[in-house]
Ligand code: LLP
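Before any questions on how it binds or moves, here is one chain, the form predicted alone, in structure tokens.
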Amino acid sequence: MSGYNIKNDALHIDNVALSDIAAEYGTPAYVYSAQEITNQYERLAGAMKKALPADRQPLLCYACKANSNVAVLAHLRSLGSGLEIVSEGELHRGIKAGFDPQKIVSTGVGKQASEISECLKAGIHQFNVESLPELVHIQKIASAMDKPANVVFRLNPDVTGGGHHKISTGRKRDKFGLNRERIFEGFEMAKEMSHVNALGLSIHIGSQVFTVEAFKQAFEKMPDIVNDLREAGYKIDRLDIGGGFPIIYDDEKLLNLDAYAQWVNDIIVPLDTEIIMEPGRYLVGNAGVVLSEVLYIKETQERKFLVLDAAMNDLIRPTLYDAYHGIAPVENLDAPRTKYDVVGPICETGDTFSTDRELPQMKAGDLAVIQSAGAYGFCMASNYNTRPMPPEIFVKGDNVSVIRPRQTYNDIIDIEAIPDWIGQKE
């Protein structure tokens, strides 16, 4: 994480000590580095510029489900990014963050009527269609509104590339996309529809794809179907080649961006279409940490527990996906090492961030960070155990901004109501 560095034996984000952030804003807290997001965006865009012709540069549409804070979105928009959304709420976030609707694409297997209509009102770039009933639904709404809907059909290539099975999306058994025969059927249906423009294909095989050669295997499925569709008389002007690039949580194999860009140049560029990509986790994952305080060190005959004030409601990935996250003290990084089970305060055994993790020795009151938490962290947080959600804090250089304040108990409870038909015991 290049946005994070060590000064005076203490972790900093850019120029700001994480201990200072904890003192000012409390813990637990999400802290993001704007510089790291910029670095990742420029690495990906730079690899494309180096390998692809100037007139075939992809539209990079950030998959905002990874981290949807409007400040993060606005920062990416300022770098030139487009947006990939999977809900009506994400559309509203994107509009608030200032995105041009013509740089927004909508994905997802269960697009609701209100989402489709709001996207049509906004004038988004395209819908990535996942099923034929969805296509019919889009036509019905678009015709009622008398607004054209640009669509591409998502191909399910029956290719997977690692990552947890819950975030693999390109296998034949997964709920996503259409097989070759259904795509041809979809184009034929769209030809008879008054308000649908079928313009191409999309493909996305999953998230955290660490078998990086799987991208090449998926891309190689495209030329035959594109050429066959064109021979059948259908227009193929757009190819959305998805995302899924891995980041390092533990010992994952990183994507060789130059090799990936060369695959795009060799396989996708000759098909002579607009190219769209959907990076998400890659841009923000390593830009964020959960900043936490050690509450207690609990020792039993068998285990030593490092009890944090952060919990599974703040970061659910370890218990949901058995996900690995790096953990480190904020200060005293060279202290003698010992093994801990790192846990939170929630009354669930699943409220565990790691077991048998070797770390520098820590004590109550010390600060710790759970690393690589910028993607699928805060956006999956909850109020389980009526725990207020933590603040989100954005840092660039010396600048520190709260981009979402810490939730209060009143924020949680005041939106609930007791019906007047509930009696009061005397």
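In case it trips you up, residue 1 is the first one in the sequence shown, and so on. All of these numbers come straight from a predicted model, not from anything done at the bench.
Just so it is clear, the following notes concern the form predicted in complex with this ligand, a form of the same protein that is not shown.
In the predicted complex, which of 385 to 393, 372 to 380, 357 to 365, 23 to 31 comes within 4.5 Å of this ligand (heavy atoms)?
Stretch with heavy atoms near the partner: 372 to 380.
Within a 4.5 Å heavy atom cut-off, is Gly280 in contact with this ligand in the predicted complex?
Because a heavy atom of Gly280 falls inside 4.5 Å of this ligand in the predicted complex, the answer is yes.
Taking heavy atoms only, is Arg317 within 4.5 angstroms of this ligand in the predicted complex?
Arg317 belongs to the contact set for this ligand.
So, in the predicted complex, is Phe127 in contact with this ligand at a 4.5 angstroms heavy atom limit?
Although this ligand is absent here, Phe127 would stay clear of it in the predicted complex, with no heavy atoms inside 4.5 Å.
Please tell me whether any heavy atom belonging to Tyr296 falls inside 4.5 Å of a heavy atom of this ligand, as the geometry stands in the predicted complex.
Output for Tyr296 is no: heavy atoms all beyond 4.5 Å of this ligand.
Of the options Ser292, Asn286, Asn156, Gln208, which one has a non-hydrogen atom that comes within 4.5 Å of this ligand in the predicted complex?
Looking at the other structure, the residue within range turns out to be Gln208.
Could you spot which one of Phe353, Tyr340, Phe99, Phe245 gets a heavy atom to within 4.5 Å of this ligand in the predicted complex?
The residue from Phe353, Tyr340, Phe99, Phe245 that makes the contact is Phe245.
Going by heavy atoms, what in 133 to 151 lies within 4.5 angstroms of this ligand in the predicted complex?
Result: empty, none.
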